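So this first bit is one chain, no partners, the form predicted on its own, shown in structure tokens.
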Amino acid sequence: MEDTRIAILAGSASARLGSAVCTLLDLSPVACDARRFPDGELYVELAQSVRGTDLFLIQATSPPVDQHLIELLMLADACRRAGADRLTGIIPYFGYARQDRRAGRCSLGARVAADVIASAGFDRLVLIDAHTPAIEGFFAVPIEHLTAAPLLAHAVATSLPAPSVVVAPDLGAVKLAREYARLLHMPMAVVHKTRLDGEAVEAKAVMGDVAGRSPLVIDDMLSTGSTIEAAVATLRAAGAIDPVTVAVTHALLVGPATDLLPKLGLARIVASDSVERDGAANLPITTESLAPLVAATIRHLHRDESLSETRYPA
């Protein structure tokens, strides 16, 4: 769509990321009026024309997940009704991704969220380190699945002492850990974890050699901190040594996270800006921007070019 004008609209959950992407692409973001009525209903109106554009809507469904999800849907609907020629949704963090399997009589949250997002009229979606690459199977629209692993691996590379080891804190993070290990040319280990409930986890053993090595614990998200707490305790019991570094794509930092994590003696937490945070000043956290990755992806998609260099590794 070389002859079609690019337009970028950022929702409230990704306002800073959207602004950074626009700067890199030398564009001005689409102006939008989004406000709530006294009863809590969201009202969305575009303040300028997007007719005939190749429009990229950037909005994470981060906490509060339901509010940001509804905003994503309302923004998409406004773009479609205003005549956008092609609509791509860029969802830096996809809430409900962890509800990807059913047990007993529970709902399948990932499928429900995928269905309502698909109903909003998107032509394509872009996800970044969703909880599992298999999440694509829940969506009725094409998915481009990107990873922040190269960005975060580069950010931690110079601060890791020798010898170090990449650690997946559970089996679900093995594929991502394998990519970090490849990028950093380091060995890998896996912590065997059992989730007891929504907040509590239990780690029992380590698969791989961590004795005398400094661990780089990686995961797609850092939520309450319980997984990292269990992993760090198990690694130290297995002979791992400080410093302990954590790298995550999505730093949610909800619930007890900001109280729990400072007690773990972590040297550094490196995260992307997929979730826009305020606070967490008591944590040794640094943020790496996804803006260059998102801007490059927009350029490629606008030109209908391959994303082979930016997709989640196979």
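Numbering starts at 1 and runs along the sequence shown. Note that the coordinates shown come from a computational prediction; the quantities given were computed from them, not determined experimentally.
In what follows, reference is made to the form predicted in complex with another copy of the chain, a form of this protein that is not presented.
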Might Ala103 be said to contact another copy of the chain in the model of the complex, defining contact as any heavy atom within 4.5 Å? yes
Heavy atom of Asp278 within 4.5 Å of another copy of the chain in the model of the complex: no
At the 4.5 Å heavy atom threshold, is Ser159 in contact with another copy of the chain in the model of the complex? no
Quick one: is Val174 in contact with another copy of the chain in the model of the complex, heavy atoms, 4.5 Å cut-off? yes
Which among 60-68, 283-291, 242-250, 268-276 is in contact with another copy of the chain in the model of the complex, heavy atoms within 4.5 angstroms? 60-68
Is another copy of the chain in the model of the complex close enough to Ala15, Cys22 and Ala295 that every residue in that trio has a heavy atom within 4.5 angstroms of it? no
Neighbours of another copy of the chain in the model of the complex among 62-92 [non-hydrogen atom within 4.5 angstroms]: Pro63, Val65, Asp66, Gln67, Leu69, Ile70, Leu73, Met74, Asp77, Ala78, Arg80, Arg81, Ala82, Gly83
